[in-house]
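To begin, one chain is listed below as structure tokens, in the form predicted alone.
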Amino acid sequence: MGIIEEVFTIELPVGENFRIQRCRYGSEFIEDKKAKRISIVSGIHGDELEGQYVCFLLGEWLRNNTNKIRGIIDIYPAINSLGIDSITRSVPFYDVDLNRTFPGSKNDFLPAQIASGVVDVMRGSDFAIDIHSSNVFLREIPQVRIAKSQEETLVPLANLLNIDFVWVHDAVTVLESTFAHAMNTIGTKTLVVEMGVGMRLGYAYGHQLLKGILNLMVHEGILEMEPPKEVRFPIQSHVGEVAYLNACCPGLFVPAIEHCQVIEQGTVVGHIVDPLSGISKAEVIAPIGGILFTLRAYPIVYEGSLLGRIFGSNKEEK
């Protein structure tokens, strides 16, 4: 059975305490210097719930298969519990994105103190998987996002996770203040998973990622068993291979195709329409062919709103 522990607490201005809990499996391996440790993290953003379901599935599996555990498995389903309780992305009262405050500081404001506590309690983990949903506006296929500077170390691990897409990118200015960057900096190999849509559960996606997490733990010796069957190998992306679809005008975005479709250059992805006049104001055309791995879920758009992302290539380029 897993051991539920309170690993971080801090007093709030309202006279209550903020707490982070984890469930640890494999505590009997703590003194084994050869045993590896993995941290499964969810809920850094309070409106992203996909990871909560993955944590449940993993805990359920581990409770029924304790004899296969050969390492330490820590599950943290609700890092930003205040945000989850209030259905907000950020830390309530401060309106601060917790994933932009790492590595944090014990002498700073509350979100930075939480970030510092999170890093301290997970320090020493060999691996971490940080599970995110998209926001309420976009739907994502299961994917891992990796900074270009960490490609060599992290892509082989991402390939084990049974996800659809590995996106290697170079958005360094944002990554430097995230949980993943902070953990990778101190030697914990940390993967960021994005999937689904905010405030919703994708049950199929949850089971897909569970299989991938088990596969990674088997590969790294944290579980002793046969690897799960039919683990998919993801599509690989590199800088410059992703095209963004943005709205050219305000209106209601009506998709013309389903999410996660392989499309050709010139395909009509959707239309922006005006409900008042009954006029279709714009067609949204794919600038390249490839896989539509992001598609807008919330239909109201303004000029510049992100409608989708395509990974692929322009056949007209040489």
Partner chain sequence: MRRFDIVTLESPNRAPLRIEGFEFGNKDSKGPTVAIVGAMNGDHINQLFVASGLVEYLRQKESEGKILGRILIIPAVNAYALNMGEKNWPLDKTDISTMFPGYELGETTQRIAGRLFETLKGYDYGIILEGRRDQGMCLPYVKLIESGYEDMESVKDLGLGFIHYRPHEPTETVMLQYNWQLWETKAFSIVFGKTGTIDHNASSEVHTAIVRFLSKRKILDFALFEGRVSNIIDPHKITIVKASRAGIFISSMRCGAQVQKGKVMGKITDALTGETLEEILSPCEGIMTCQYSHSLIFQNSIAFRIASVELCCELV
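Take the two forms, find the largest set of C-alpha atoms that superpose within 1.5 Å, and that set is the rigid core. Positions refer to the first chain, counted from 1. This is a predicted model, so every value here is computed, not measured.
If you look for the form predicted in complex with its partner chain, you will not find it shown, but the lines that follow are about it.
The partner is not drawn, yet in the model of the complex one stretch among 228-236, 99-107, 71-79, 158-166 has residues with heavy atoms inside 4.5 Å of its partner chain: 99-107. Taking the partner from elsewhere, Gly59 is found to have every heavy atom lying beyond 4.5 Å of its partner chain in the model of the complex. Its partner chain in the model of the complex is approached by Asp95, whose closest heavy atom lies within 4.5 angstroms of it. Contact between Pro250 and its partner chain in the model of the complex is found at the 4.5 Å heavy atom cutoff. Put simply, Gln113 is close to its partner chain in the model of the complex: some heavy atom of it is within 4.5 Å. Looking at 203-219, no residue comes within 4.5 Å of its partner chain in the model of the complex, counting any heavy atom.
Once the rigid core is used as the reference frame, the Cα position of Pro13 differs between this form and the one not shown by 2 Å or more.
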